[in-house]
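In the block that follows, a single chain appears as structure tokens, in the form predicted on its own.
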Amino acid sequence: MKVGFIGLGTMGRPMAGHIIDGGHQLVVFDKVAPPSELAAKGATSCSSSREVAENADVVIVMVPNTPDVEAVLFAENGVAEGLSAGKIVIDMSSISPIATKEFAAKIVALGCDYLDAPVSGGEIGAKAGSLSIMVGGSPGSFDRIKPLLDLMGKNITLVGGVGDGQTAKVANQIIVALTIEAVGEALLFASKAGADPARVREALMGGFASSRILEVHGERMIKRTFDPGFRIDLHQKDLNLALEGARQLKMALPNTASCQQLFSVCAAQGGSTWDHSAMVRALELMANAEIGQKH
């Protein structure tokens, strides 16, 4: 396929690399110069989102937030200006399900198809090509683009219609945030009680409390490695989507709200760009203790 990729940040760069490694022609655009490794593999750099759409059959968007997607698609020299009938737009960003449906309607009116396909797995999953991909869209279009998704992910699910992929991603982010909080509380409790948190984590990995977050982020908490794989400010954005959606649905998400407040504590400490596993720092402030300290 002729594939366009817009947004070559922490996640987009390796994802785009997998597509070109899969033998597809690739055209790319980003606000900053495209990574040299993509150019070395044969990717063609474009000067605008419009130019990407003009030169690709499938356009993938991977940018941080809802306004960013809207700008990529509909601003001057945006994707919409370069589309022609029969092309497909895939938004792999994590944005508002409601806005997603609005964007899709505008793209469909141009004679194209639109799928939302947000991902989970972070930078590690993007580099390994093992992302979980939650897709909303028509079954026919899903079948057409699934070979591309297979290059970037392992667990690929057509959840339902347009917007349902984004809804699944919001649900994912609720679970991830609450599990980070639980792992942080558990390891901090163990540490302050005098146990070796590394050995406690090792013991828990063999039981019912085991999880990918205990494995990866528990180790980050113990080793104090908070360079971002997924930034706190991005997770805050996702939890805002959850809490705004909950208000519209007239339901409560009390523990999601608590996790958002803990992220806000980190942001107040200058931690907006810390990895989201650093939520534990907010818990440590309240405990006047740090995981791994002698107490």
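Residues carry their position along the shown sequence, with the first being 1. Everything numeric here is computed off the predicted structure, so don't read it as measured data.
Beyond what is shown, the protein has a form predicted together with a small molecule; the following relates to that form.
TODO: Would you kindly say which of G129, P97, G82, G122 lies with a heavy atom within 4.5 Å of the small molecule in the model of the complex?
DONE: Of the candidates G129, P97, G82, G122, G122 is the one lying within 4.5 Å of the small molecule in the model of the complex.
TODO: Just one of 51-59, 249-257, 27-35, 262-270 has residues with a heavy atom within 4.5 Å of the small molecule in the model of the complex, so point it out.
DONE: Of the stretches listed, the one contacting the partner is 27-35.
- [ ] Please check if G245 has a heavy atom lying within 4.5 Å of any heavy atom of the small molecule in the model of the complex.
- [x] Answer no; every heavy atom of G245 is more than 4.5 Å from the small molecule in the model of the complex.
- [ ] Examine V280 and determine whether its closest non-hydrogen atom to the small molecule in the model of the complex is within 4.5 angstroms.
- [x] Result no; V280 lies far from the small molecule in the model of the complex.
Open item on the list: Against the small molecule in the model of the complex, would F226 count as a contact residue? Criterion: heavy atoms within 4.5 Å.
Closed with: No, F226 stays farther than 4.5 Å from the small molecule in the model of the complex.
TODO: Using a 4.5 Å heavy atom cut-off, state whether M11 contacts the small molecule in the model of the complex.
DONE: Because a heavy atom of M11 falls inside 4.5 Å of the small molecule in the model of the complex, the answer is yes.
Task: Contact at I6, V63 and K237 by the small molecule in the model of the complex, all three, heavy atom at most 4.5 Å - done: Checked in the model of the complex: all three residues contact the small molecule.
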